[in-house]
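In the form predicted on its own, a lone chain appears below as structure tokens.
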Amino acid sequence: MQDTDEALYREVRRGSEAALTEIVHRYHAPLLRFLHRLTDNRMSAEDLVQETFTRLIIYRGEPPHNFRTWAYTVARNLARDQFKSAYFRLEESESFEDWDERRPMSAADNSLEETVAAVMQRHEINLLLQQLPAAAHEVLVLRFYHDLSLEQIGAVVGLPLGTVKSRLFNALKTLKTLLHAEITP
């Protein structure tokens, strides 16, 4: 089987179920985490991941040069469409659940207190991220949670590199201010 995502996608377009299985294996969890962080709703994120894969499969245009960037772009656009829909505005948001970061306790864990502290820290960071404007939130999630380069982020969000850099800088500055406000009474 081909190693690159682009080669796998070409095989998917030729009808290879094995290639489709590999693409899903590589991208399901990362896209789910990305969409969950954007929507803050697990069920919506799961639906959007399924819709993303459906769109990737039925797409009949020119194959992408960078599959990863394209997959995130499709997922992002679907999430933005959902944000705009009346259904999403009326839907009740589920409470925070740190489901994507959970793992079973093991003997290697130092203590239950350290584990709880780590989960609480992730929870607090996620709450702070939710306070950011959508554009800033999106850039931070793509950069630090999904390790996309600034150029890849620009391709996903459809912005020039300079604008991505500016948004990232301003988002980090705002996040720092929010974090400082949380720490000081």
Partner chain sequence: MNEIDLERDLTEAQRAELGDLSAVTKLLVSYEVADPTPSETDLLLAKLKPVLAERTAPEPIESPLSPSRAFSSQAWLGVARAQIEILPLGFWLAGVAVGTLGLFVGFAAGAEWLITLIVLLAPLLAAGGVAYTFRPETRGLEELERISVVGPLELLYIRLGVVLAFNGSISAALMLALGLGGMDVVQLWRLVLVWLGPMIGLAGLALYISVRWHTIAGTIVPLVLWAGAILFGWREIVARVEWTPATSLYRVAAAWLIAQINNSDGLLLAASIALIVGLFLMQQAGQTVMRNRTA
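Positions refer to the first chain, counted from 1. Quantities reported herein were computed from a predicted structural model and do not represent experimental measurements.
Form predicted in complex with the partner chain: not shown, discussed below.
With a 4.5 Å cutoff on heavy atoms, residue 131 does not count as touching the partner chain in the model of the complex; it lies far away. Shown alone here, residue 179 lies within 4.5 Å of the partner chain in the model of the complex, counting heavy atoms only. At least one heavy atom of residue 126 is located within 4.5 Å of the partner chain in the model of the complex.
Using a 4.5 Å cutoff between non-hydrogen atoms, residue 135 does not count as a contact of the partner chain in the model of the complex. Residues are counted as partner-facing when one of their heavy atoms sits within 4.5 Å of the partner chain in the model of the complex; in 37 to 73 these are 37, 40, 42, 46, 49, 50, 53, 54, 55, 57, 58, 59, 60, 61, 62, 64, 65, 70, 73, in sequence order.
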